[in-house]
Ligand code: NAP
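Take a look at this single chain, the form predicted on its own, given in structure tokens.
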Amino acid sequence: MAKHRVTLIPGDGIGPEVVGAARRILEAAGVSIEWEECQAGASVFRKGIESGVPAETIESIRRTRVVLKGPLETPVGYGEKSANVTLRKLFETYANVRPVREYPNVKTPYSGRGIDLVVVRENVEDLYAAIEYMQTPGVAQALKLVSRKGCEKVVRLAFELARAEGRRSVHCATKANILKLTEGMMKRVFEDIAQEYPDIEAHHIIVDNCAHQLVKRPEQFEVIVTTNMNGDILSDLTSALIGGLGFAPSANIGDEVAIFEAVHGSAPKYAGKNVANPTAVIGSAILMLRYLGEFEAAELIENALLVTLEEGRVLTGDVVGYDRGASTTAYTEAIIANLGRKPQTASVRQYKPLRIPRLRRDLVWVQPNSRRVIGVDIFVETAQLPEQLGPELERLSQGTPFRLKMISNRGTKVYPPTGAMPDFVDHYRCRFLLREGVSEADEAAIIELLRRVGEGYRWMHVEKLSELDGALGFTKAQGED
């Protein structure tokens, strides 16, 4: 067995206990690992490092390229960004892989249904880019960024995962019926790439229906690939089907680095009490072993875990109640004692090496044959009602190549009036299109329009409206013709 170098981040709260349990089991199984123990999370935030990830941890990961980590605390609703997300984004671990399966003696309303699926979540784009602005004092904006390149990487990995695990189908869950450009990008890429995997059934499903179907008949799914925010929600839902986050391992896979972690929180109220369930981190370590090519060791540990659960004599408090649950230490020792045994009822899937897709690294992935700017959206802050704002913007734009097409408020067209009865906020999108006979907007014309609008209004954001290969590169407001 080769010796592997792995960065070990114990984490916060119960992290050191559950990570320590996984480490003991790996060592008992004879896996040869040289650990580089590093810090991230709460202790680092307290030192004033706003990312929560110190330079020495980054350097260790650059050396080892593999990380096993515990949960990290993250400030909620204020302060610094999540150190978990920072680690994923720093090393472009673009796919979050969340397997869930039914475990013996972990009773849920779904016991006996044979749940065995994987959620593959895009991991660095979408709303998790966390690009946010206060556009007015009372209106916040977040940019949802979805790229062709990002979609292709995670979709290809989902199909490769299905092949490596002997799975027959992949579902792509999107909200493309509403977000036709961003979520629609994922749907279109999925449908393109699915043609390259004729051995795998490919299905698109609207994400809310996917959530509905996961609760109603989860056994129909094998692999679900989706965008970042959707995946965050669906993967936690799937974990609840099989016993909760204490049984939810994950892998963050990139071209160069892989980070393996439990997805549960740091649970500070249980820290130091030796009662935490380490199964999720143990499962993450099993995923790590497969990534490292140690398939025999991974199967050895997974079998021992299943035997321990199957016998049911040593179960943690989240399964049987904390008044009579086994300690973290006792549970860990039971798994170690069961190394070499195989379960009687539960089975371990046969795995092949996962082929990580290697895609081209150039920045430009889509090059249209033709493109032109046909207008601009200018976002303005004002307390005026649409019937006051509209005529004034029409006056300000006179003599420019642009005409006011419409004004929307929170995505609904409010000028010219449609008969709708919306409630207004002080944040308007004002859409200007080129006048008849003008072929394209140049920079000088856009700047002049902004100058004129700025004479009367505080504007905070502008978007060019493009036509790409004859198709509109923007969506319409509700009620806009």
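Worth saying up front: this structure is predicted, and the values here are computed from it rather than measured. In this text, residue numbers run from 1 along the sequence as written.
Here the subject shifts to the form predicted in complex with the ligand, a form of this protein not shown in this document.
Taken together, Arg163, Arg167 and Glu302 are entirely out of contact with the ligand in the model of the complex: none brings a heavy atom within 4.5 Å. The closest heavy atom approach of Tyr351 to the ligand in the model of the complex falls outside 4.5 Å. Contact annotation: Cys172 falls outside 4.5 Å of the ligand in the model of the complex, judged by heavy atom distances. The ligand is not shown here, and in the model of the complex it never comes within 4.5 Å of any heavy atom of Ser284. For the chain shown alone, Trp365 is not a contact residue for the ligand in the model of the complex, no non-hydrogen atom being within 4.5 angstroms.
You can rule out all but one of 119-127, 262-270, 210-218, 294-302: in the model of the complex, only 262-270 has residues with a heavy atom within 4.5 Å of the ligand.
Interface residue among Thr332, Asn338, Asn84, Ser408, judged by heavy atoms within 4.5 Å of the ligand in the model of the complex: Asn84. Residue Gly246 is the only one of Pro386, Gly246, Gly231, Gly150 with a heavy atom lying within 4.5 Å of the ligand in the model of the complex. Residues Ala276, Asn277 are the ones in 273-303 with at least one heavy atom within 4.5 Å of the ligand in the model of the complex, listed in sequence order.
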